[in-house]
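Next up is one chain by itself, shown in structure tokens, the form predicted on its own.
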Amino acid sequence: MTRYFLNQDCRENKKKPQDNCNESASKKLETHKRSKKKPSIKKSQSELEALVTVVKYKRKPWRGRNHEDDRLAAAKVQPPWTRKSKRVPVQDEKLARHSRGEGLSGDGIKTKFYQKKLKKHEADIQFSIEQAARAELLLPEESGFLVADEDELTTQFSQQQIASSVDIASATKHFDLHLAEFGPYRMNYSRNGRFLLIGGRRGHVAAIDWVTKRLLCEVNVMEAVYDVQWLHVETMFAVAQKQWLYIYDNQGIELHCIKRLSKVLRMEFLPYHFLLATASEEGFLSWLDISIGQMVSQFNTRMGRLNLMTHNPYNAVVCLGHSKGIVTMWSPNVKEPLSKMLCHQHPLQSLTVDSQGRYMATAAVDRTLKVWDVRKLEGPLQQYKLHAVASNLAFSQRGLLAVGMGNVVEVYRDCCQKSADRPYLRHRLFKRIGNMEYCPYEDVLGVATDNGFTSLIIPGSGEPNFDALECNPFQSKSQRREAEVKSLLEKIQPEFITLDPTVITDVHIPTLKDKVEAKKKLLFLKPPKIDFQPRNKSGKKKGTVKVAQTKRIVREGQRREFVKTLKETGIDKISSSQEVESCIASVKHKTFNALDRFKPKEKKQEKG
């Protein structure tokens, strides 16, 4: 670095006394003569060098943070990297909303190293909870509900009044599709809530971007359609036709025909396991892995016709409703139901599970509606008597329950934890309801009827904020490809589907102890003792040396056979003491016969 300083002479010339300036000014006033401006004369290089002196300055090297700390400590100044700013405390409600449960105390840890490591881990968890609670300020949207005046009820508001009161973008979400020729219809929304799939009983199948009203594809399969289901991306969907299950792309081109799945009535897709669960008319329940195209499991439930099916998003367990009022829960790992719940004394008409896996709603032909706690398999928490049989049920992301009775749709708010006196909204359609489903991340309820499809605006039903890394309604093609690859890498194996998913992280202590004890028994196992007495062929008395030599040869042969059996069995494959006993029993001393010498000898395996 180069710095420039003025010479001493220049500095002295600048410091002239003020009196001299005043005298010159008075002389000018007396003469009343204006001084003419002299032209600027260019100074030579020597004069500039006389005025300016060049001094080269070297920066001192940095001596490290410790030196800076000592220097600041001597000056009684706190370093900026250790200075902590006071932050506004977070509300307890927000912290409880993001809490991960009670932490570990570390009482059983003996070493100081692991105690310190555990404390650091717990501190990181608390920091992440606090950051997640603080990040709620950045959420752009909030959920809102209809609020009526004192003399009004929210049930009185019609869809036309709601659509005329909201903004233009929200008003376009209420529309009707009149398709009277190919009904009755069934519908399904994609995971990000952007695309709509409808299928008519007379073969009409269509995929739509319902936000922009853009038609992706429309085909007629010329066969009865019983159900439709989106797969992991919006470029593939499954259609349960009269005979077999077909998979199409978003242009309506047939990709696969799965003949092992015949006469399918209902379908459910498990996005984190890449499994397509199907229920057939003949009572068969199947799980198809669409990532590799193989059947994971398929067995007969022995429960008759399966026309009621849903799944629990919390643990990926499939729930089936039966004509005896029973709800069964199934996993692809077990051929028997994981649990059976007697929910009603009459045949079931519909069932659904909320998005967080806490509550299950069931309806029967006796016009009863019950809400159950799926986590404890207890209930009913609430019980309602309807004015008609509920043929369809659907939970929203915010806990609103939609009930379809004939051609009437009723929406109930806060009906699980406490009793609801009256419905939140009511809407009457022209035809009977086929099925209905809430659109994710939108305040919309889609209803498929006998003559088409209707989209209803339900304020406060959808989650206002979405995670773009989980489900992005505005994702591009490149983002969709990356999300598909990432989800395939994070795919969960079907062996992990259980009622309580937290059991996977636990250690079964009794089984572990049995395995350790079994390995110890095998490692310190001694060959069985042999009580062998050689025969005296000639009848004469022989010496003890010959007898002892014969016994030693027999014992060595028995020991070699014992070691060989242990190697063939394998220590790692033995998991209980019963297998140890069976291993010991297989190595017992064999009695020799005189005719054993005529048996063919075993061929030795060639070493490869």
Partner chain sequence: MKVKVLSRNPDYYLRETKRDIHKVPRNYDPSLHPFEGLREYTRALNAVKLERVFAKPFVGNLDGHQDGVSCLGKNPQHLSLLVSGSYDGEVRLWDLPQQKCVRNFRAHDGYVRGITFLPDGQQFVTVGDDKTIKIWKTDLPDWGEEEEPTNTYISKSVIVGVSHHQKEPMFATCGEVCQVWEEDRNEPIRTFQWGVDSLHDVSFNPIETHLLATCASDRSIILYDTRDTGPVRKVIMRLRCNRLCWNPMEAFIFTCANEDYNLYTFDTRKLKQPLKVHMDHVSAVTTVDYSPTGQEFVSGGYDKSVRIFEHGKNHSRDVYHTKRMQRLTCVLWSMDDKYILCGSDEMNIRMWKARSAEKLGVLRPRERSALNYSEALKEKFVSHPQIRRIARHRQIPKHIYHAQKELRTIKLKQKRKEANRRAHSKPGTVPFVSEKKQHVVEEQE
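Predicted, not measured: the structure shown is a model, and the values here were computed from it. Positions refer to the first chain, counted from 1.
Same protein, other form: the form predicted together with the partner chain, not shown, and the subject of what follows.
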Q) So which of P380, G203, G252, P459 gets a non-hydrogen atom within 4.5 Å of the partner chain in the predicted bound form? A) P459
Q. Among the candidate residues S419, N220, N300, Q479, which is the single one with a non-hydrogen atom no more than 4.5 Å from the partner chain in the predicted bound form?
A. Q479
Q: Mark D443 yes when one of its heavy atoms lies within 4.5 Å of a heavy atom of the partner chain in the predicted bound form, and no otherwise.
A: yes
Q.
Contact with the partner chain in the predicted bound form for G406, defined as at least one heavy atom pair within 4.5 Å: yes or no?
A. no
Q) Just to confirm, A180 within 4.5 Å of the partner chain in the predicted bound form by heavy atoms? A) no
**Q.** Contact flag, Q294 vs the partner chain in the predicted bound form, heavy atom cut 4.5 Å
**A.** no
(Q) Only one of these stretches, 380-388, 341-349, 272-280, 447-455, has heavy atoms within 4.5 Å of the partner chain in the predicted bound form; which one is it? (A) 272-280
Q. What are the residues of 287-315, in order along the chain, with a heavy atom within 4.5 Å of the partner chain in the predicted bound form?
A. P313, Y314, N315
